[in-house]
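Take a look at this single chain in structure tokens; it is the form predicted on its own.
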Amino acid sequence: MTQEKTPLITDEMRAHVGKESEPYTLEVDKTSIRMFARAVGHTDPIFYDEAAAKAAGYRSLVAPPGYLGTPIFNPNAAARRGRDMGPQPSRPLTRILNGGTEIEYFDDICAGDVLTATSHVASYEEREGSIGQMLITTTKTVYKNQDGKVVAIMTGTGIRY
């Protein structure tokens, strides 16, 4: 006789799908662009030299792929981004793996831009693997620039088991 496992995904979790987070602000500045580009090994001058970036048709230094600004930290804010984990599965899952991140770009992101981001859970999926029950969570974060234009959408996958 096989014993049925309790589903990990709860009704509260299903109701949480699609609920948008409070917006948060990210600044894109020259120093952070240069530091990120250097850290990941980019050598193109558009990430370091403003004249080269402008000669290539950009407004200022270009944010390298994967850099979407630096969140503005306010230690006195009542609620800080990332604190609300949302509804939890039916039983504790103690291990977490990054299942991947994809970023779709719609416009240039340059030094001086101020981005506003909102996130939401796009889906929950339950799978059985060699390590047991797994909860796969897909989140989407939409980034808009100071003009309200969507410049990027990041899709992230987290695997808990």
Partner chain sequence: MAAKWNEITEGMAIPELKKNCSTQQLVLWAAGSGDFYQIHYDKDFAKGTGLSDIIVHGALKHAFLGQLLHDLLGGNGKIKRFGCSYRGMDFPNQDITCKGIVTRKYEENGQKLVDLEIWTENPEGKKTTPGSATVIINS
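What you are looking at is a predicted structure, and each value in this text was computed from that prediction instead of being measured. In this text, rigid core is short for the largest set of C-alphas that superpose within 1.5 Å between two forms. Positions refer to the first chain, counted from 1.
Heads up, the form predicted in complex with its partner chain isn't pictured, but that's what we're talking about next.
- Not displayed here, its partner chain is approached by Ile46 to within 4.5 Å at the level of heavy atoms in the model of the complex.
- With a 4.5 Å cutoff on heavy atoms, Thr101 counts as touching its partner chain in the model of the complex.
- At a distance threshold of 4.5 angstroms between non-hydrogen atoms, Tyr124 is out of contact with its partner chain in the model of the complex.
- For Glu27, no non-hydrogen atom is located within 4.5 Å of its partner chain in the model of the complex, even though that partner is not displayed.
- Heavy atoms closer than or equal to 4.5 Å to its partner chain in the model of the complex belong, across 37-65, to the residues Arg38, Ala39, Val40, Gly41, His42, Thr43, Asp44, Ile46, Phe47, Tyr58, Pro65, ordered by sequence position.
- Core-superposed comparison between this form and the one not shown: the C-alpha position of Val40 differs by less than 2 Å.
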